[in-house]
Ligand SMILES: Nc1ncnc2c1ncn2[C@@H]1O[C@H](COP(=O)(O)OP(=O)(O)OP(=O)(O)O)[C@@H](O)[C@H]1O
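Taking the form predicted alone, here's one chain by itself in structure tokens.
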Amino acid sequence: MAYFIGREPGAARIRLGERLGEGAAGAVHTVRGQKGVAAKLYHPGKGLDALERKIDAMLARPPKLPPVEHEGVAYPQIAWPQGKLYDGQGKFVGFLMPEIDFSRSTSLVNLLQRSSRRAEKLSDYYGYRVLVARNLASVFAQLHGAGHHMIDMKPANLRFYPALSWMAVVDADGFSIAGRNRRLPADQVSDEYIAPESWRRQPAELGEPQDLFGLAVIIFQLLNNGMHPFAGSGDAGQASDLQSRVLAGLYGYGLTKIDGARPGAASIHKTFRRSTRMLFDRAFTTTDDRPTAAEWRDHLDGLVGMLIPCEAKPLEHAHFGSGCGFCAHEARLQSAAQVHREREQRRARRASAQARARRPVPLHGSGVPGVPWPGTIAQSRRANAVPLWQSRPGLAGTAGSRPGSRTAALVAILLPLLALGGAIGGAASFSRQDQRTETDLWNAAFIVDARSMKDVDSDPASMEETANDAGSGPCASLSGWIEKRLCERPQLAAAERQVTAQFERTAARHSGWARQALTDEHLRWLERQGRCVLMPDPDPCLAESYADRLAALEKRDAS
């Protein structure tokens, strides 16, 4: 079908190329012969007369946001209309705009969390996020200067160029646009970013104050470990969803404390400059004195110049002169994990002592309190609690034949895959707690290996007896907390073996980049699973982690 840039006779004709994407309002295509130009065609029956008036208003008052030039490539900051499109009958059907290259840009959501930054291979340096926040404020300072408002402002609706840290704003025809005689409104706004005073109002009624609230929320997330300013802990019975907490005013990061609002554990807001905290307080505790986008731009300009790289991790951490908040947070996590490990060790010792106290004094047998009777399963297990590859014929000294403990299986599967990653440029890293030699890894896991051998009795009662001895028996010699947990919990050990076997089967069906991606995904799962140590009872967390991972691997295997 033919499309024209104008209604008049002799108007330039364009030909559409591939479809770049499609939404509720219309579809976006490339334009053949015009590099860097895209065409948006509205779906039929979408109120084209009103849409044409909106595009006319946008063409009349564009913001001053020219493309950024870098190494001969133009990077548009915003997909603003450049001309209207008509069909062969002279009917308005859409508009031309700069093409935002999605292969060079990514969603702002991906910059908020460490896991997504690593998955998307984005910079993990804190100063980079401060710079992106500055550029975000700069775009909206220009947009607001032209009288326009985004309204539905949230990270999922914003993109940026990782190579430049500049923004790439799309779907601008959904904004609230300043017309010649009246405003042409937006029709969408999203929970978690709605200002308190905007809650009971329609999107068409909202303006710059709503934008300033959403902008401040996103800047707070970029500067504070991805945390929403109304996330955190509080009194029993408080609202838990973020929008309800916004409406209740539960902002726990201010210079003045608010009753019932406490900050999240991962927050680093106390290391912010006082001037930064004052701006956030104005954004979240007032409705008529929020910082403008231009204020944020100028303030963040100054913060970029104040950044001090952390001495411990200069490629990731930085601060503004009050100490590294990231290092302090990591120290808190390590302290909490240590406290939990010590609590678990005391609990295991008490359980072992109580189990020994309940045993009857033998009239025959060993005659030594606490030593199982000869011939029982427990005595056989304890007597054979050595690395089974050292005692089974044909296994001694053969690493490739050692049985499938947690560590052993992971090392056996992942080491070749990590070698593949290095060969093809991957950046995977084994992040389990025990970073020891391969021999240490084998020898630390013998009790789980013992449970996986066919010639060892799997009677639940005998397993429970072994678990009760964890405080002083073989389990106590394991240094990794997950390895100890598997040693003490047969059900978890079975789940570990099931996931490891499924991973091995799935990995065998992939090669090259697909196999590397699968390996990276598995390593990230291992890292996330390690957080279960912070739970009061890690067992449900571990069980859920295994179930989720098994389901994901089975789905990958079936695809």
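All figures in this text were calculated on a predicted structure; none of them were measured in a lab. Heads up: residue numbers just count along the shown sequence, starting at 1.
Absent from the display: the form predicted in complex with this ligand. The rest refers to it.
Identify the site as open or blocked, taking the pose of this ligand in the model of the complex and overlaying it via the site C-alphas; a blocked site has 3 or more ligand atoms within 2.4 Å of a backbone or C-beta atom of the shown form. After the site C-alphas are aligned, the pocket of the shown chain is open to the transferred ligand.
Considering non-hydrogen atoms and a 4.5 Å limit, does this ligand approach Glu544 in the model of the complex? No, Glu544 stays farther than 4.5 Å from this ligand in the model of the complex.
Taking heavy atoms and a 4.5 Å cut-off, does Phe102 contact this ligand in the model of the complex? Result yes; Phe102 sits at the interface with this ligand in the model of the complex.
In the model of the complex, His522 touching this ligand (heavy atom, 4.5 Å): Contact with this ligand, no.
Please check if Gly127 has a heavy atom lying within 4.5 Å of any heavy atom of this ligand in the model of the complex. Judged by the heavy-atom cut-off of 4.5 Å, Gly127 is well away from this ligand in the model of the complex.
Only one of Ala79, Val109, Leu242, Leu279 has a non-hydrogen atom within 4.5 angstroms of this ligand in the model of the complex; which is it? By the 4.5 Å heavy-atom cutoff, the listed residue in contact is Ala79.
Exactly one of Pro490, Gly530, Pro62, Gly26 has a non-hydrogen atom within 4.5 Å of this ligand in the model of the complex; which residue is it? Contact with this ligand in the model of the complex is made by Gly26 alone.
For the chain shown here without its partner, which stretch in 52 to 60, 66 to 74, 498 to 506, 36 to 44 has non-hydrogen atoms within 4.5 angstroms of this ligand in the model of the complex? Of the stretches listed, the one contacting the partner is 36 to 44.
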